[in-house]
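Presented below, as structure tokens, is a lone chain in the form predicted on its own.
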């Protein structure tokens, strides 16, 4: 046993796959210990906040301020609001308005903004312009307000006696603050989703739930496939005929069709993560049954099995002690593949809107479903779907690598 384990962990492919999988598993286990926020807690008033560090503006104003005279500060401020695409968009609107192209110099910031301020009218809607495009120009106009100003922002408070606003301070453009001294800072490495929820926290929780679904579905499918395969392969006769009849029947009907029909008939309110996992498990045992049966048929006439029969051992004893140990490695590999298949099956169901109920726990498939419904891929909000795709790919890749590594260890014909 020690020699076998040593060989397994000397397999480069198994070692790489195992390392990737254990890293994902450790993140799923330890991340909630440090970040205790609920994965479905809505923290953002809005949708698809970009990844980054978010500083509370109120606390920032009241934090200790420093004066830094940086030569390129104004250029960076302008570039953050007025990039190449925004300049082209302004040119598009001005041309549509009737301004001659030779009068528009998109690289002369001062002249371009002046031309925009003198001509832009929020109420104008040109032929062929969509409502979304018109709203975009309105947001662009708002972001340009005071962009070239060199004056600071005046802070004012209402006088309790006169009811008039009085200046309480001024924030100069050279004022800076240390982020470490601001009371409320929130790091959102993956931004927020369409509901304003922390994507990283949600992704970690979803990965854990999907792994749970994969383990439950894989366990059920492997146990059913192993039991039926052992009985059909060893006993044979009418038992084999009955088992193979149902196996062939489920083989003809695509498992995804069964999953869709069963999930739809259950109803969303009853579709929890465990329920979906059980459904996937009970529809994924077919290929394991056929493979185990083939292995058992090749073993049932071996000398040690015949000797066990002559010794008067029961069928159960022979299967457990004389056949099962010889296919144990194959069963482990089948179990790994069933886990991966279960995770992918849940993702497919959830993308179709037939996964676990959305108010319970997030899964990788549900996150993809939310991103698709709210058109994250169309709007370029990559953080809402790309990390999910990467995690699904990494889980499947790691398990397939582990399976390949085990196959090379237990199958001498594949060894290099």
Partner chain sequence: MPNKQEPLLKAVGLTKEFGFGRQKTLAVAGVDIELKEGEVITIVGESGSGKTTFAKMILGLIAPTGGEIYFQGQLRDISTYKKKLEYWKNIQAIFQDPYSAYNIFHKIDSVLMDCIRMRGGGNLPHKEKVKMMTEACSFVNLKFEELTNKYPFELSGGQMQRLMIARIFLLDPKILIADEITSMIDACSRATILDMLMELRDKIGMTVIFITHDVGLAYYVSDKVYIMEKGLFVESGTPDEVILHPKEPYTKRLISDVPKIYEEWDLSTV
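Positions refer to the first chain, counted from 1. This structure is a prediction, so every number in the text was calculated from the model and none was measured.
FYI, the form predicted in complex with its partner chain isn't displayed, but the following is about it.
> Is residue 310 a contact residue for its partner chain in the predicted bound form, using a 4.5 Å heavy atom cut-off?
Flag for residue 310 set to yes.
> Is residue 303 one of the residues lying within 4.5 Å of its partner chain in the predicted bound form, judged by heavy atom distances?
Yes.
> Quick check on residue 133: any heavy atom within 4.5 Å of its partner chain in the predicted bound form?
No.
> Whether residue 111 contacts its partner chain in the predicted bound form should be assessed with a 4.5 Å heavy atom distance threshold; does it?
The answer is no: residue 111 has no heavy atom within 4.5 Å of its partner chain.
> Please tell me whether the candidate spot formed by 89, 96 and 100 is one where all three residues come within 4.5 Å of its partner chain in the predicted bound form (heavy atoms).
Not a single residue of the candidate spot has a heavy atom within 4.5 Å of its partner chain in the predicted bound form.
> Counting non-hydrogen atoms within 4.5 angstroms of its partner chain in the predicted bound form, say which of 85, 314, 149, 162 makes the cut.
When its partner chain is considered in the predicted bound form, the option within 4.5 Å is 314.
> Please identify the residue among 128, 169, 180, 325 with any heavy atom within 4.5 Å of its partner chain in the predicted bound form.
Contact check passes for 325.
> Given a 4.5 Å cut-off on heavy atoms, tell me which of 73-81, 315-323, 188-196, 150-158 is the interface stretch with its partner chain in the predicted bound form.
That would be 315-323.
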